[in-house]
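One chain comes next, on its own, written as structure tokens: the form predicted on its own.
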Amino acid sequence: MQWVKVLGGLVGASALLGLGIILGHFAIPKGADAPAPGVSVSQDLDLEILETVMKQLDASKIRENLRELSREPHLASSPRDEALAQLLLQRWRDPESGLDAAEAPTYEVLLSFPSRERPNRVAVVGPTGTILFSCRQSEQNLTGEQGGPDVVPPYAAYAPPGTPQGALVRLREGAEQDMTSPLLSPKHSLIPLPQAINAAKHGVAGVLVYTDPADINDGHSSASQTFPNSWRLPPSGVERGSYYEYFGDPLTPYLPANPSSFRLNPDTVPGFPPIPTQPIGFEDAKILLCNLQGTLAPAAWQGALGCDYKLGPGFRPDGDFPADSQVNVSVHNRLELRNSSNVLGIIRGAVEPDRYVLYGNHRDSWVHGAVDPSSGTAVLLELSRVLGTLLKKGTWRPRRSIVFASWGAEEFGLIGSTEFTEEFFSKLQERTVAYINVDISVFANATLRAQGTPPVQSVIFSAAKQIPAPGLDGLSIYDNWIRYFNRSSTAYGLVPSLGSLGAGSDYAPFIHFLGISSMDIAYTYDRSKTSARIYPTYHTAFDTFGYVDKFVDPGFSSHQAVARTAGSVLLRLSDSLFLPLNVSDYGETLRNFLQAAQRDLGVLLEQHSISLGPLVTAVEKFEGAAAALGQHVSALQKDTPDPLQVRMLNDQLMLLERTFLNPRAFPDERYYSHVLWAPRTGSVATFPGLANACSRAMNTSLGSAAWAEVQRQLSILVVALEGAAATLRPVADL
């Protein structure tokens, strides 16, 4: 995920550049398809076991886990990254607290690194070629941890090499309107990410990216106001990141990156920035921005660097540099095939070993990565320790199988998790109950923040209601959560807000590609007290254990709260006789999407003879089927149901999410096939395919291909919703 501002572009004629998931292989012994002798097929969630787990999750052990995990930088595929993979294997194979099995499958994937021999550089060059100013090539060594040989210099992964030079122009995230404004259209400019493609069409040569203190530090920018004196980003801090447009290994889309898999030509792989790109700190950005000449930038583009931001091109004559000075960007990144490991730990289910509950987080970081991702891995290790200890003592075994996963190379584009879903696509789709993601477990220590698909809302709420909020006597995590993030529900009244899932972490391939009910759980900050879009040292060399220990979560009570919440959700999904997935909660989402379409698109669609009637009917069918299934669940819970009845009903709950997949719905969006949660470019908060198609068709003529696509998207939705309703109806009712 990239939250960045584009500083500017270089222009000039000479500068234009062009389980068998692993489970199937080793985790389930022969003869384990049937429940073990003495195991009850009606095994249900044991509340005493749940309470035991909650009590045994230890904040001090999470703290020690984090200290070890973040002790050294562990960039994907580095020796330290692989050493941490071995650490997880050791923990999960421990005779007293380990799991049933653990493995570390490896994929050969394409990664991107800066050259150590030729470091990337940004410099202001005078008319005679003299270097007048150079941006930092590394962050200031404030705590003795930013200057080690394993600290990767700031760079934009997958940005191509090149040395463009030209006049500086101020842009903002490379929007199309930037390219066509009167000022910029004759000069051209440059942009990263998907916008870079658009910028390159307009003659863009290269791009600089920085994070403004207005977006990350609440406007504070001096050294005395930033780390190590507070949690704010120091002026030299630079946010590293991947600039690959898609996710998964770039050379093997839809195929696992195994030795036998077909690979694309690295020189023609789509999704890489077409122009050199380099991030810099706001300390250096200030020197460049505050010397720009030209028209005053719009108010929305202004920041907190202590000057008026102008658009350029070029430097003002009364500034620090001669007016005809140019900016040179030298990028020497290289692509390399590297081995990257996932680590999988398995607890075999006692009754339904062929049903999996997955709990995962990535292992790799840009530098020390104490918050991202080690806070999540520290929680994962403590939860697996507690469950492993109960397992080894013989006091507990889950009803369903649990798979703990430490994904490799997430920072480069969700690579490890995506390769896993590609390799075991069919088995995971057939057997996975849900995926729990805990990546950054603690952004800050104010409140819980959860994202997920609607059916997981109820199980997260149930867990949060039973766990005390840290530091708040008498309040549960749920009570505290609802104070910070809430919404009005037609079914329940005031409830906490459950965010939707985008593509910012390893849940993405599970929900968008496989259609598996997914969630992401974390603790975060009080939005009323900060405008920071994320914790300030994100992806920098200042994201260290000391930063977490002193500023983010002293005492680690919020880490413990996340461990308890995620652990409770995990046990409820793995041990409950009836899966705690409330499919009726999807009805509220569908109804809200429908009402938005009727309100904001209805008149426009009528003008083109397109009726929302079939969609209205489909939503009503879903609501009716979901309500009937809920009543059926309630009736069975009051009785002593036949195990096959339970199994059939649970399969309906598990498979509902799959019914919203249509691999042909978004042919231009790699891996996105969920018709409710795909990227939405249209302005109407409704079904993404419909919103996007209407946005593209808005200014086209009656009967155009664009309006035909609107009708196609509407049909896709209707078929998906009718299929979902059919899945929820009694299994014998075709």
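Position 1 is the first residue in the sequence shown; the rest follow in order. What you are looking at is a predicted structure, and each value in this text was computed from that prediction instead of being measured.
One more form of this protein exists, namely the form predicted in complex with another copy of the chain; it is left out here, but the text below deals with it.
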item: is_contact(K427, another copy of the chain) in the predicted complex, heavy atom dist at most 4.5 Å; value: yes
item: Partner proximity in the predicted complex: P160 to another copy of the chain, non-hydrogen atom cutoff 4.5 Å; value: no
item: S531 within 4.5 Å of another copy of the chain in the predicted complex, heavy atoms; value: no
item: In the predicted complex, A299 touching another copy of the chain (heavy atom, 4.5 Å); value: no
item: Contact residue in the predicted complex, chosen from P614, P317, G499, P79 - any heavy atom within 4.5 Å of another copy of the chain; value: P614
item: In the predicted complex, the one of N486, N339, Q645, Q637 near another copy of the chain [non-hydrogen atom within 4.5 angstroms]; value: Q645
item: Partner-proximal stretch of 502-510, 98-106, 211-219, 326-334 relative to another copy of the chain in the predicted complex, 4.5 angstroms, heavy atom; value: 98-106
item: Interface residues of 322-346 toward another copy of the chain, as seen in the predicted complex [heavy atoms, 4.5 Å]; value: L344, G345, I346
